[in-house]
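Okay, here we've got a single chain as structure tokens, the form predicted on its own, with questions on binding and movement later.
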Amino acid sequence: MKLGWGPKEEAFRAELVAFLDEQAPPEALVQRDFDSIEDDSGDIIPAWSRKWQSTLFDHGWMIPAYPAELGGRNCTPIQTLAYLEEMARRSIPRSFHFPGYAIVAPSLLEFGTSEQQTLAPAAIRGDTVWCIGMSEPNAGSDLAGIQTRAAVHDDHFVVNGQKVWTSYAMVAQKCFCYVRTNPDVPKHKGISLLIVDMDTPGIEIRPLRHITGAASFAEVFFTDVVVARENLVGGLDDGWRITQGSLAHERAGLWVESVSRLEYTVGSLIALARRRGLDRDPVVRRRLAEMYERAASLRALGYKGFASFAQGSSAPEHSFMKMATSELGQECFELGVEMQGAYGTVVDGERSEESGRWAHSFFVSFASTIAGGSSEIQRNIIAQRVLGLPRG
């Protein structure tokens, strides 16, 4: 069985294709194993990607389901899926700083005041760079365990604490910061969400470097940081409800990119097997077939979850999708290393396949099983909230 689009969706897709053929910059057309967030200049948000994001917004292609003033064209959920699949098929990124358009903007539009909602267009267009203050040294994937405190006063909050693994903190103008405002209630119920200007006195940012030397995230320290009361998003102590909406927004469409990237990786593995004469090896063939089948199954599961989300229902499939795509990707890159034998870990362009792509991607893949919620936490969520299993 092969799924296809109807006439309206095909016309919509043809309009998108014409726009991409005319407007997409060469830098956006590079196939990637992961979302690259640093170019040769060392910028974590390259200048070309900023311009491309604003171009998408101005032509109504940044978030097509939104109205024109929010970078869209009021398209249907099915058209949104067609858009996501075409962008993923071509491996064209919308942005290299996703928090603004994927988490902050939809959360502000759903939970923010009318004044806070005016921040959404700049977040989507990329004019304002946001970071998300969630993870802490003792509260990574377990957001409910955060300890950063915000003392509540009549017209302001005073924030003290530390965040870590905060992507884009070094270049962000604003932070969506989750803080504990009530330590005397169950931990899920004492969390609030604040909009914090990153140039506020008392904020210290310390970049954290990858083993590659790049620094895309940082530690952020808050010492007596004063935040105005009007920067509270939603109700006091109601931050947990917003986190669920924020993460749902983040994952609702990310699975399309993840699955498309998986399918590209499996195709590359097949090409690698042929180049190395392993395409007739029964063990290699069986493993490749299994990976192909799993990727196809994940796409089908993604369609199911998207259908539920588009109809206003929850999509528990997306928690599984995040875990399954990252772990299958890791298996794929490991197989790529194994198929090269002794040269699997060599990154010399003359002696290794694709300049060490498979070894590099294998090591980077470990981050994918942690970022956005580790696989261990995802398994707990699936067990308790999807399958209804009791806590151990």
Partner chain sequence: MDFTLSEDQELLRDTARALLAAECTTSMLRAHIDDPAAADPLWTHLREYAGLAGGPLTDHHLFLEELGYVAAPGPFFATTALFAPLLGTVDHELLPAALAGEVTGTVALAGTDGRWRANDDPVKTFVPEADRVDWVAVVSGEPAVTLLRNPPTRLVRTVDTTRRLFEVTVDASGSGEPLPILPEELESIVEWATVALAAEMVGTARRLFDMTLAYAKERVQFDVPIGSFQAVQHKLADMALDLERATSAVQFAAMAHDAGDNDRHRATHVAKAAAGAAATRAAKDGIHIHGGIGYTWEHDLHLFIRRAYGSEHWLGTRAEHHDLLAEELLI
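Numbering follows the first chain given and starts at 1. If you superpose the two forms and keep the largest set of C-alpha atoms that fall within 1.5 Å, you have the rigid core. All values reported here derive from a predicted model rather than from experimental measurement.
One more form of this protein exists, namely the form predicted together with its partner chain; it is left out here, but the text below deals with it.
> Of the residues K304, H153, H210, K189, which one places a heavy atom within 4.5 Å of its partner chain in the predicted complex?
Looking at the other structure, the residue within range turns out to be K304.
> Looking at R274, R229, R89, R206 here, can you tell me which has any non-hydrogen atom within 4.5 angstroms of its partner chain in the predicted complex?
Looking at the other structure, the residue within range turns out to be R274.
> Given that its partner chain is not shown alongside this chain, does M198 nevertheless sit within 4.5 Å of it in the predicted complex, heavy atom to heavy atom?
Residue-level check for M198: no, no contact with its partner chain.
> Taking the shortest heavy atom distance, is L84 within 4.5 Å of its partner chain in the predicted complex?
Heavy-atom contact with its partner chain at 4.5 Å: absent for L84.
> Does any part of D21 reach within 4.5 Å of its partner chain in the predicted complex? Heavy atoms only, please.
Judged by the heavy-atom cut-off of 4.5 Å, D21 is well away from its partner chain in the predicted complex.
> With heavy atoms only and a cut-off of 4.5 Å, decide whether E376 touches its partner chain in the predicted complex.
Although its partner chain is absent here, E376 would touch it in the predicted complex, with heavy atoms inside 4.5 Å.
> Tell me which of 113-121, 165-173, 291-299, 68-76 has residues with heavy atoms within 4.5 angstroms of its partner chain in the predicted complex?
Heavy-atom contact with the partner occurs in 291-299.
> Who in 103-124 is close to its partner chain in the predicted complex, meaning a heavy atom within 4.5 Å?
Stretch hits: zero.
> Against the rigid core, is the Cα displacement of K304 between the shown form and the other one at least 2 Å?
Yes, shifts by 2 Å or more.
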